[in-house]
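Taking the form predicted alone, here's one chain by itself in structure tokens.
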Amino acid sequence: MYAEEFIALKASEALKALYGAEIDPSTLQVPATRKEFEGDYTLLVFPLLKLTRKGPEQSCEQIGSYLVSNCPEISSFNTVKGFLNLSLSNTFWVENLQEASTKDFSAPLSSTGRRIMVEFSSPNTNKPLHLGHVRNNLLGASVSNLLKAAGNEVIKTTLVNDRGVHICKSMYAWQQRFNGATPESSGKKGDHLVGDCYVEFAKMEKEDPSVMEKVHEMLVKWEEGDPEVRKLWEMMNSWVFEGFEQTYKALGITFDKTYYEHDTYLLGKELVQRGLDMGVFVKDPDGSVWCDLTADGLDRKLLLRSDGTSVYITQDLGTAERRFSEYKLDSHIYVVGDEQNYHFQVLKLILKKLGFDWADQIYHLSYGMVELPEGKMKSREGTVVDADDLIEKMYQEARESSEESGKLEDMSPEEKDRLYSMIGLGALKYFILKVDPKKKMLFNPKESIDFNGNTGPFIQYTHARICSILRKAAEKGLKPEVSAEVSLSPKEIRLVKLLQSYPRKVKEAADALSPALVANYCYELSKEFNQYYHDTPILKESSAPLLCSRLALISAIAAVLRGAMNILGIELPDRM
């Protein structure tokens, strides 16, 4: 039981004994005591004055005296107006440490019985993944891990946007300007080669805007199943898929289910016909199909072009209907940038108009864009930070920083290589995930690799430091074990409080769909440990029971860091 819950329970017993009042403990407010006052937690007595029929200070005195007299876990109290500050006993905290030292922090919380699908990544097959995609992938994967850790069944999925005008642009440019180039002949990853085609088309369009007519002709042929167009489409998509797979593997990204737009856009067409039959949609004289949302404060939304081809929202309608039907979902989360806020507002509204009750279970996790010190990235202009280049840059930054420390001489080249990858990816992932998803962010590779401050390497180093202490202790035959006789210091109690709060932090972060809450919890715990380590001679402690209890404390800290950072997709090394 959490300390706050314990105090609330005992306070409700006190209120019944003193005033004959039956109070639900969950309604009592028990925040942590402010740092300028003595105490661990504070019972807010102001809301209880109607029950006590006494002034705030007298009420605090009566409740505090009862708790100290009848609850050995509460050692003392003090009163500040209507605030009852309570101090918990050493025995209480030792028992909490004993519990933490045996807890499996990697296990999920109790099952919620909810099935949630998370769609993320969902790339276009006309360009390689870039820094913006990296934030999307890391958010999607960590939110999935977070929801799973909070006791939900989670299905990770992606929708590959492998058809449409943007794909035909790359195909047309390849036909006109690339002389049959392949990944093998060009020496490029397939997704990079296709991305070059997309950039080239932007140049072609500037030279001659009429090339867009050719692209639309190609799209119509694709939807008609033209063999030549389909063969080119399959070849270029295969190049991109192979390139994507390499990048996903490097980032540690996996999916439980992959959908492809070339399959799902037809599902959307069926729903468009249903909407026409219901009178929800209208067909204009040119044959295009629209949904009029002006009465809802929005615009008219195009669902089918006059030539019968689909738009993005067409397949999103069909895909949503298929997923809820197939998986009986309780919730569906789309991890998509905030430039698509309007799109998802329209999607939910149209689904409601089509009569789908589950439309309210759709949630758009809208995140801010990633920018660089030099400004915003633009794919069509080729001014993006490529994901593969970024991963390599982070590896090199990690290698340079680690080699400067001079602590890796006894590592093999293979061990060093793995460590550099671990640190580089850890720095990248943490720097992105520590920022609230809704906020825009500025990415700075140099700043992210710093071994001090709120960074991934700082937390990785903290874990490695704890592992080093535990190894040295094991060499001396010492084992982590909490003794009931020890007296914990204020710093140790602070660490136990943080350990105790971890499950609630996971739930809070899952409810908010914000891995940033877990990331910053890890930083706070690491910072507290390092301050404790600086002031406390763990291995030099003369009392064996106290030394082993301290080993149990730091072992639990390492376990929590592993569990929490695993949610973020970050590995923690044993040595650095």
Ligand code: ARG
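Don't overthink the numbering: it's just position in the shown sequence, from 1. What you are looking at is a predicted structure, and each value in this text was computed from that prediction instead of being measured.
Just so you know, the form predicted together with this ligand exists too; it's not on screen, but the next bit is about it.
- Although the partner is absent here, Glu119 sits close enough that one of its heavy atoms falls within 4.5 Å of this ligand in the predicted complex.
- At least one heavy atom of His343 is located within 4.5 Å of this ligand in the predicted complex.
- Proximity of Trp239 to this ligand in the predicted complex falls outside the 4.5 Å heavy atom cutoff.
- At the 4.5 Å threshold, heavy atoms of Asp316 reach this ligand in the predicted complex.
- Though this ligand is absent from this view, in the predicted complex it lies within 4.5 Å of a heavy atom of just one residue from Ser501, Ser401, Asn96, Asn124, which is Asn124.
- Screening Leu419, Leu232, Val336, Leu251 for any heavy atom within 4.5 Å of this ligand in the predicted complex leaves a single hit, Val336.
- Only one segment in the set 177 to 185, 439 to 447, 157 to 165, 206 to 214 has residues whose heavy atoms sit within 4.5 Å of this ligand in the predicted complex; it is 157 to 165.
- With contact defined as any non-hydrogen atom lying within 4.5 angstroms of this ligand in the predicted complex, the stretch 524 to 562 contains no contacting residue.
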